[in-house]
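Have a look below at one chain only, the form predicted alone, in structure tokens format.
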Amino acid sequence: MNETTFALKGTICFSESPTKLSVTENGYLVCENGVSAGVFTELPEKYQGIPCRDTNGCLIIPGLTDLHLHAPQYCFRATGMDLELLDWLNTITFPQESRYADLEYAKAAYSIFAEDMKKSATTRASIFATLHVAGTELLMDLMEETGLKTLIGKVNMDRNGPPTLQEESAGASARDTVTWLEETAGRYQNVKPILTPRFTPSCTDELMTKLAEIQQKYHLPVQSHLSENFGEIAWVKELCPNTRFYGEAYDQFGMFGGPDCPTIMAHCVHCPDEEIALMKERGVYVAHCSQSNTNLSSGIAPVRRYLDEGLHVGLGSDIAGGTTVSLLRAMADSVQTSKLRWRLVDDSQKPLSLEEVFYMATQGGGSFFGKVGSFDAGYEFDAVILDDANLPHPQPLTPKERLERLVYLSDDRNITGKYVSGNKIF
């Protein structure tokens, strides 16, 4: 189905605000040339006769945005979960990512990842590849075929990696990055590049200087990691003694937000006040990865504070610190860990609500991609159909109750339809 104008009929839910759901039962959601024309209780006269997919009362929600995950880690998710971050990277992650120098292996592993992403409720994602140019281009090819809109980054790392996963110099890393950008320029409709210094411990000052020049020349967004783990933060302080806090390690090179450098920073679990203030000033997006922060014993990010202070906050699955690409699960995890933070750490920061994590998974993270994550007129038409017919209940449920059950049960079998920019994925 590639009709430019069509409608979906069902129970339509999207965020009216970060704390309020808009719900229309037996409503019509109209797509016109890949863009939402709005939600209607009756199909307007101008749209009479357009194709209409009747979902028989299924929930229709905006597509979900995953602001942070590592594609090469998908094959070893749920492995080494007794380790903390730095030990996990050295013991599990770096040896496994080294295998992506082999294109046959990369194709086998990335094909599994791409197919599972296609089946998920995710319609947009910001993705780390590896430092290998050919492997990164292969991932871009495979994700292009899924129809999802993604940002994919060739990883940069010229220090503190094993011999099998470290670029020989800052100059070589920068040259490979430019090669990758030039070879993929204009090749894709759905995939765009994003500059990806792995994290400060992996990148010398010389490399960061060169990446900043590339960022300015090619006008690229940036993704990396920030203040995830106490050991990591102490290491950054040792490596960058001239900085007051982790974020300055990026900001000194002009790669920490601002109008010309849209930036996603994953985790942000232990940010000091000065770092939070700079993130707000520069419009940095926080990718909250609750499951990963739990699995790797990193802590619980103060998401309530970030929301109250007006920071941009979205959700990330953080494969393979996290174990599933389900952002429904990420929503549930985010509520649950916020309750633990409220109960055990700071009772002045109330737990997150269903409405808030739903907003974070849709418009909160989606806004990094533009007008994405809402069904208001003018937003790109990303939609997911959730069928809860396999969840019988002895009494009628409200749409919010149905949504909450689907979030907490996080069963991919309930995902029965997906559209990205008006194109039907399934």
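Just count from 1 along the sequence shown to find any residue number. Predicted model only: the values in this text are computed from it and were never measured.
Although not depicted, the form predicted in complex with guanine is the subject of the following passage.
J.: For guanine, considered in the model of the complex: do all three of S126, F256 and C261 come within 4.5 Å of it, counting heavy atoms only?
T.: Negative, none of the three is within 4.5 Å.
J.: Tell me, yes or no, whether A106 is in contact with guanine in the model of the complex, where a contact means a heavy atom of each within 4.5 Å.
T.: No.
J.: So in the model of the complex, does W342 come within 4.5 Å of guanine, heavy atom to heavy atom?
T.: So W342 does not count as contacting guanine.
J.: Does the 4.5 Å heavy atom contact test between L207 and guanine in the model of the complex come out positive?
T.: Looking in the model of the complex, residue contacts with guanine do not include L207, since no heavy atom lies within 4.5 Å.
J.: So, S292 and guanine: in the model of the complex, are they within 4.5 Å at any heavy atom pair?
T.: Judged by the heavy-atom cut-off of 4.5 Å, S292 is in contact with guanine in the model of the complex.
J.: Considering guanine in the model of the complex, find the one stretch among 144-152, 176-184, 194-202, 305-313 with heavy atoms no farther than 4.5 Å from it.
T.: Partner-contacting stretch among the options: 194-202.
J.: Heavy atom within 4.5 Å of guanine in the model of the complex: which of E228, E356, D333, D158?
T.: When guanine is considered in the model of the complex, the option within 4.5 Å is E228.
J.: Could you work out which of N190, Q73, Q215, S98 is the residue within 4.5 angstroms of guanine in the model of the complex, going by heavy atoms?
T.: So the residue touching guanine in the model of the complex, by this definition, is Q73.
J.: Counting only heavy atoms, which residues in 258-282 are within 4.5 Å of guanine in the model of the complex?
T.: Residue within 4.5 Å: H267 only.
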